[in-house]
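Take a look at this single chain in structure tokens; it is the form predicted on its own.
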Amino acid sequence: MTHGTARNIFIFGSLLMLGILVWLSIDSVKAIEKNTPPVTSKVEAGLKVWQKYNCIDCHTLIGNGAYFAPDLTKSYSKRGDAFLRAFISNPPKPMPNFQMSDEELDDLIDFLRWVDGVQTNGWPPKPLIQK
């Protein structure tokens, strides 16, 4: 193989891989947009409440956060609005009672509803041992 042939193979291969990378990136962005519900101002406000009270220090969302307390990714569909509202308003120990305002509570529940609607391809997995 000559030096020119090797150079041409390298350039062609590099351009081919770059094209594949660009195509996969565009496809991924389209999939994310399709599998994610629209973000509203209430969802953004709920994220701020989530951050204000450092919920991620104990809880997990979509695989991110601590594993000290339950994963809340699908908590809205599992428990519903009324349960979450009552639980967050008067939590059992060791969860602290943050004394959230009604508006903060509404926003946080809207955020959890939004997270629940994100297509996570089966994440989080079901526990091996059912309680």
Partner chain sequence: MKYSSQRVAYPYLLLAVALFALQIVLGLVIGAQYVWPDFLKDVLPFSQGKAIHINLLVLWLLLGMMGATYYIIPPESKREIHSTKLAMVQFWILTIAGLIDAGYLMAGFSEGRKYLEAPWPVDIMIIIGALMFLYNVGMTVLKSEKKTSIQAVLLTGLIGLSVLFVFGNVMVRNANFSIDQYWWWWIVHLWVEGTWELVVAALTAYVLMRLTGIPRGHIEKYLYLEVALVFLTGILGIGHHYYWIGTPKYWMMVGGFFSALEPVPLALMVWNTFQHLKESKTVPTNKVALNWLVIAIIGNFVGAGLMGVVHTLPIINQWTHGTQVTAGHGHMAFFGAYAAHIIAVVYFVLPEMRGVTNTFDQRSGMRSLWWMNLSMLFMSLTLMAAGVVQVYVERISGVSFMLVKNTYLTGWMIMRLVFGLTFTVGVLEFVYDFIRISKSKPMEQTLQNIVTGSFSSSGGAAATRR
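C-alpha atoms forming the largest set that superposes within 1.5 Å between two forms make up the rigid core. Residue numbers count along the first chain shown, from 1. Computed from a prediction, not measured in an experiment: that's the story for all the values here.
If you look for the form predicted together with its partner chain, you will not find it shown, but the lines that follow are about it.
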Review point. Could you tell me if G80 has a non-hydrogen atom within 4.5 Å of its partner chain in the predicted complex?
Key: no
Exercise for review: Classify L84 as contacting or not contacting its partner chain in the predicted complex by the rule of any non-hydrogen atom within 4.5 angstroms, answering yes or no.
Suggested key: no
Review point. Using heavy atoms and a 4.5 Å limit, would one call M100 a contact residue for its partner chain in the predicted complex?
Key: no
Review point. Counting only non-hydrogen atoms and a 4.5 angstroms cut-off, does N64 reach its partner chain in the predicted complex?
Key: yes
**Study point:** Stretch 15 to 35: residues contacting its partner chain in the predicted complex, 4.5 Å heavy atom cut-off
**Key:** M17, L18, I20, L21, V22, L24, S25, D27, S28, V29, A31, I32, E33, N35
Check your understanding: With the core lined up, does the C-alpha of E44 move 2 Å or more between this form and the one not shown?
Key -> no
Check your understanding: L16: with the rigid core matched between this form and the one not shown, does its Cα shift 2 Å or more?
Key -> yes
